[in-house]
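Next up: a single chain in structure tokens, the form predicted on its own.
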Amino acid sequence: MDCVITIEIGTGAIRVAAFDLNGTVIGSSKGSYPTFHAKPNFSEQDPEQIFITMLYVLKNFLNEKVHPKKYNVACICFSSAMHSVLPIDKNGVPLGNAMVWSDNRAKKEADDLKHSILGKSLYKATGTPIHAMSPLNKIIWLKTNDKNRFSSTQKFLSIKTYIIQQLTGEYVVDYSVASATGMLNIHTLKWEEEALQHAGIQTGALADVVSVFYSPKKLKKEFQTSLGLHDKVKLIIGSSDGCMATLGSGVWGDGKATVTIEESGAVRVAGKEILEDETQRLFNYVLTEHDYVSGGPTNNAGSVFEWYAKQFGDFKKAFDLEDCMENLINDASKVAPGSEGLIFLPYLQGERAPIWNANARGVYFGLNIKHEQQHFIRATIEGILYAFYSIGKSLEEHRCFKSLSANGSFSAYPLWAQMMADIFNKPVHTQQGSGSDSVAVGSFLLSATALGIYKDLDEAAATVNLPDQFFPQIQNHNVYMKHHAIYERLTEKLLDEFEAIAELQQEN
């Protein structure tokens, strides 16, 4: 029996899954790797560590779940996080670590560009908000601050491009990941010349742009042998994790939006038209020549709750983070909505949409003598979800949606899903117990379309069923809206203080 393998190159982990051609999950596996923060605003990962982790997880998964059951691997489809930059030399060797999406060192470069005429022009051309996250600004930072590394660079790659090149020898990047660089013209699907000139590079310094359905060269012989795969396995370059999660949630067309809550998060819609936002709050990423995924990302989702758990949680077993978080969430459920006036701004890693401020900082506000740890836990979750709601409000200025499809590890917690329904005042659809599967499902649907099982992505998305529903409670929504209004006013009032504290850090 044939099967499809999906490989997600995530922010903190490789996730491998297998599906039969009916879309039934055969199994899944995961392997993690760290992010390094050598200096404030630096977020880096070792590309070799990611590649070795991917090989290790994939080989073990095939040997344990696929080969023993005599499945024939028909294709392997890739997805990845966006906004990474990895410089390589003329021999294809990485020049240091990759800069990942949460790397904020290019704040000044982004700020200068955003307030220029060129910045406005590039946003309209590329659909990527001007921010330190974007590879465009990361490359400009390297040109200005790490001249030796910049001048030694033959190509600037995404992590996914690097891994596919290691497997096949081919330098390619899909429309979706390319459209998140700030350097792809999403109208022509070619590298934008004005962006390249501003970065001081030429087209040859970037990978070739291809369709998300593109099949790279065959696996190199050594990997065919090591993984036990034949030479007819079809590789599909795939898309970004965000676009895959949107497809895998069945959010395809009007009236629906998807919320992803992993280490980072986003609110997204899909459609045939680009959303024009004059204030540059929203992204427009390409999936196919006629399909766009639009929305806004947040830096501060599950990673913030994990930070809280590591700092203040009670670990009954060493490194037992998941059990610790479940206990914290149980404690939070004992507190009424609004956390008795305690409000949390979750900007521990700066923030992207809708404020696009890399200098934003985390704040607990409204603390009084009656507050206990359970209030802090509840306020932390509420603050994270308020950030999602602010993005959703911005998105609804352009496209209305009546329901949410939630995916990602944290949407699998019933309390989080119910709080989201209450805050948005919209029904939330999930699949409890498998909240992180939407990226893999999207990769399967893309693969199945490429294999001819579905005629197009519209038909593929229509097959998605999220059976678990959470309906909003209006009394809770009213409480949340009063607190959210304070949340947004605090964010606005503290803008000058965010800048001041960032300047102090620079001095130190």
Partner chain sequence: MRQNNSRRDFPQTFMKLEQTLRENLSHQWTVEEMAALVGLGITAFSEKVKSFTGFSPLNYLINIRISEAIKLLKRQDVHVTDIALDVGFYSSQHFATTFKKLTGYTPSEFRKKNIPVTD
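Positions refer to the first chain, counted from 1. This one's a predicted model, so the numbers in the text were calculated from it and none came from an experiment. Here the rigid core means the biggest group of C-alpha atoms that line up within 1.5 Å when the two forms are laid on top of each other.
Here the subject shifts to the form predicted in complex with its partner chain, a form of this protein not shown in this document.
Across the proposed site, 392, 414 and 482 without exception lack any heavy atom within 4.5 Å of its partner chain in the model of the complex. Look at 181 to 189, 68 to 76, 92 to 100, 123 to 131: in the model of the complex, residues with non-hydrogen atoms within 4.5 angstroms of its partner chain sit in 92 to 100. In the model of the complex, no heavy atom of residue 216 sits within 4.5 Å of its partner chain.
Put simply, residue 222 is close to its partner chain in the model of the complex: some heavy atom of it is within 4.5 Å. In the model of the complex, no heavy atom of residue 403 sits within 4.5 Å of its partner chain. Not displayed here, its partner chain is approached by residue 34 to within 4.5 Å at the level of heavy atoms in the model of the complex.
Of the residues given (313, 362, 119, 271), 313 alone sits with a heavy atom within 4.5 Å of its partner chain in the model of the complex.
Among 292, 252, 162, 141, the residue placing a heavy atom within 4.5 Å of its partner chain in the model of the complex is 162.
In the model of the complex, the residues of 33 to 56 lying within 4.5 Å of its partner chain by at least one heavy atom are, in order, 33, 34, 35, 36, 46, 48, 49, 52, 53, 55, 56.
Relative to the superposed core, residue 266 undergoes a C-alpha shift smaller than 2 Å between the shown form and the other one. After superposition on the rigid core, displacement of the C-alpha of residue 159 between the shown form and the other one stays below 2 Å. For residue 327, a C-alpha deviation of 2 angstroms or more is recorded between the shown form and the other one after rigid-core alignment.
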